[in-house]
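The data below hold one chain only, encoded as C-alpha cells and taken in the form predicted on its own.
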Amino acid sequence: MTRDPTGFLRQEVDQLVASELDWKLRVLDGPSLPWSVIDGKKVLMFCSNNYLGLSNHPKLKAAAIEAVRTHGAGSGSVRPIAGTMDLHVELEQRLARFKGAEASLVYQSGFATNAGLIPQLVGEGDLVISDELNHGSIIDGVRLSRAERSVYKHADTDDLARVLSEAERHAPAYRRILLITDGVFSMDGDVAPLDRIAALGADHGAMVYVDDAHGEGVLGEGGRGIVSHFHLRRDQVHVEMGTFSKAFGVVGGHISGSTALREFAFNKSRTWLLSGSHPPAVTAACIAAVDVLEQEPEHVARLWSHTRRFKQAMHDAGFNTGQSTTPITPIVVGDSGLARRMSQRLFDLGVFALPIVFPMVARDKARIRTIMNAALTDDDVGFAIDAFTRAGRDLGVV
C-alpha cells in the first residue's frame, strides 16, 4: 500500500490540538469597531492592531470609494512594469514628509518588506545582529540572506556591545554588519532602546534597521514613530520599516530613509518587484490615514489616556503585565490552557481578547495580549477593566 505523503499534516495538527497550541479562528462579521460582532456575538474589540480606530474612519472610507471611481478596482500589474499609479507616488511622497525622511517606498505588506529587503542588504560574508525577541518576519528575512547571525539578549545594550566588539575581531573581517531590532515588541509591549542601539551602531560602523510596525501612530510626535520618539537624526537609523496595517488602519509595508535606500530597495527586493501593487482603494485610504494623523492629533492623545488607565487598573488588580510601556498590555498567565480558558471567559463576559501561546511566546509565558484602541469610550475601557478583573478572579489568576 502506498504511504500517504501528507499524513504528517493531520498528525501535527492533532498534536497542536492536544497541547492546546492550535489557533481557533474567530470570524469578524462586519467592520472592526470598538463593539464588533465576532462569531455572531457582539463583543468589545480588545485585541485588534487598529490602535487609532482608523480602519472605519469616514475619511479613509471616502478616499477608498473615490479611488475606485477614478482609478478602478486594481492596478493591473507589478510596480516596475505597469503597476505604479500616481496614487502610489503620492503616498510615498506624503509618507516621506510625514516621517521627515528623504524618501519612502511602499511594499505589499510588512512581512514582504522584511523578507524582501533584508536578504538584499546582507549576504554571505556579512553579519546580522538581531534582538532575541525580534518578529518572525525579521527572522525569516535573516534566514533568506545567508549572512551569519548573532543574537543579543533582549533590549540589552551591554550584550549588544559585546557582540559588536566580537564581530570587529572576526577574521576575515565582515563585509557589512546589519543591526536590526523591533521598535515596539509586539508580544510584550516594551520599546527598544533605539537611542543606545543607534549610538553603538555608529561606533562600530553597522547599518541600523528598525521595524517600527507597532510604534507608528503610537510613539513620537503625532505618531511619527520611534525615530521621532528618541529625537534621532535620519543618518543614525538607516532603515525605518513600518506597516499600514496597524495604526494606519489599512494594509501594506513601507520603508523610509535615504533616496539611495529607496532606489536600492525597488531595484533589488523581489517581494516588491514580483508582487502586484496595491489597489487604488487601499493606496488612497493609506494617504487619507496620513492626513488624519497630521490633522487629528486627538486620536493619539486618547489612545495614551486609555492606555494609562487600563495599565494602572490591571496593576492594581494584581495582574502580571510584564515590562510593557505601550498600548500593548500583556496579561501573562503562564499556562497555555489557562490562557485559553481566560480568553473564553472574557468572551462570555463580552470582551474579545485572544490567548497568545507557544511558539509566539515561551511555553511558560502564555498570555492574553490586549491592544488599546483610541476609538473606545471611557465607558468601554471601564467595561473591559471589570471583565478582566472578574475573569481573573474566576480563574484564580488574581
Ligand code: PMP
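For every residue, the number given is its place in the sequence shown, counted from 1. Computed from a predicted structure; not experimentally measured.
The protein also exists as the form predicted in complex with the ligand; that form is not presented, and the subsequent description refers to it.
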Listed residue (S109, S104, S75, T326) with a non-hydrogen atom within 4.5 angstroms of the ligand in the predicted complex: S109
Could you check which residue among Q236, T84, S150, S245 gets a heavy atom within 4.5 Å of the ligand in the predicted complex? S245
Answer with yes or no whether H135 is in contact with the ligand in the predicted complex, where contact means some heavy atom within 4.5 Å. yes
Check G252 for me: does it contact the ligand in the predicted complex (non-hydrogen atoms, 4.5 angstroms)? yes
Given that the ligand is not shown alongside this chain, does D211 nevertheless sit within 4.5 Å of it in the predicted complex, heavy atom to heavy atom? yes
Would you check, heavy atoms only and a 4.5 Å threshold, whether M241 touches the ligand in the predicted complex? yes
Would you point out which of 87 to 95, 115 to 123, 167 to 175, 135 to 143 contains residues with a non-hydrogen atom within 4.5 Å of the ligand in the predicted complex? 135 to 143
